[in-house]
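Read the single chain below, which is given as structure tokens and is the form predicted alone.
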């Protein structure tokens, strides 16, 4: 790592500044910078990582491969030792199967799982072969259970791996990783796709402290999922003024609140407003699309239909408030404008996941 920094003319001073920035990124004091520097410098030992893909579209892999700072090359070649990844590894067939089997023999690796696990029938998702002498395809659920045994920590990457996602409603009845192996070692990094910053930040935290970061009741790192999107939404002012998009074709409604168009921001915990995607170039609401709530366990079926206001959903994050109340509040906000400000704050005010 140090030789690489020297090659790129990065001074020790700049390196420590970067580590201090990473500490802030992780929600820690800058005094943790030396510990992070030590972890990064010792990354030459390269934490072994096994990356399994189940019922997925490879969107989380694609998001990771589009990282720009750091680049996926820096992560894969300089920080971790990627033992197995079906999409990006060079080997295939029996060679890939052997690499996976050998990697699972040594305890202490980071297990990343992308995609949901079928529960209706194991044969809905298979990969590789049972053995050199038994060419029957291996169910992913069996591979997951075997890989879980020696894993130090398990990262469920994306909404599908966290709690089933869109695949929950398919005939395969896809479920999240913790539904199969339990919650003990599992960190959920939901969203569709997962924000690659969340993956890198979680890996750095684990390399630094050798344990999972503080998690919420849904096993998500609080440093990334500790605030409601609604609290930090750039359109919050329009919500409080009762200015809602009702017609996408009306230029006068540009930048208005998207709640009446089905936005799930008031029920969704994530740092999307401050972090965005692709170096903060864009994110759903910034591109004039309602938040789909993809970081919540209710996504997708519990929030469907996505483009209608949420009168009939089981309200997460604002527990105890009947859905009818939210519909009434939204209508009141529209009708009364500024007068509804106090009502809106009392219902959608700052909350944390699990508040009653």
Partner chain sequence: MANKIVIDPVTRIEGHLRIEVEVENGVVKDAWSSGTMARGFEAMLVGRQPMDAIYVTERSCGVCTMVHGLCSSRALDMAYGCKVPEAGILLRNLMLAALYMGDHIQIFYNLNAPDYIDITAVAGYKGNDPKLLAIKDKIVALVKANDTAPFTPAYKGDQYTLTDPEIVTTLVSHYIQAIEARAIAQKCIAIFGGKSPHQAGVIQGGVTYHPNLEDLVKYKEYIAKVIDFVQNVYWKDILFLGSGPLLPVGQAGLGGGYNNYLSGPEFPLDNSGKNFLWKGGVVTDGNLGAVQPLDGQKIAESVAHSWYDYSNNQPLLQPFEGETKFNLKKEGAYSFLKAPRYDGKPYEVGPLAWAMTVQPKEFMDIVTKLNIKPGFLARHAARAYQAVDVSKNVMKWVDELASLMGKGPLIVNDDKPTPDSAKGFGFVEAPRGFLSHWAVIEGKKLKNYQQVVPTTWNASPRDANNVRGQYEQSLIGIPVPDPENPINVVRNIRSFDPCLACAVHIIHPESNRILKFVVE
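Residue numbers count along the first chain shown, from 1. Values in this document were obtained by computation on a predicted structure and should not be read as measured data.
This next part talks about the form predicted together with its partner chain, which is not shown.
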In this chain shown alone, the residue from 150, 170, 232, 119 with a heavy atom within 4.5 Å of its partner chain in the predicted bound form is 170
Note: exactly one of 124, 163, 205, 239 sits with a heavy atom within 4.5 Å of its partner chain in the predicted bound form, namely 124
Can you work out whether residue 92 and its partner chain are in contact in the predicted bound form, taking contact to mean some heavy atom pair no more than 4.5 Å apart?
yes
Report yes if any heavy atom of residue 250 sits within 4.5 Å of a heavy atom of its partner chain in the predicted bound form; otherwise report no.
-> yes
In the predicted bound form, is there a heavy atom of its partner chain that lies within 4.5 Å of any heavy atom of residue 298, even though the partner is absent here?
no
Although the partner isn't part of this model, could you tell me whether residue 97 comes within 4.5 Å of its partner chain in the predicted bound form, counting any heavy atom of the residue?
yes
Testing 222-230, 197-205, 175-183, 240-248 against its partner chain in the predicted bound form with a 4.5 Å heavy atom criterion leaves exactly one stretch, namely 240-248
In sequence order, the residues of 55-88 that place a heavy atom within 4.5 Å of its partner chain in the predicted bound form are 55, 56, 57, 58, 59, 62, 63, 65, 66, 68, 71, 72, 73, 76, 77, 78, 81, 82, 83, 84, 86, 87, 88
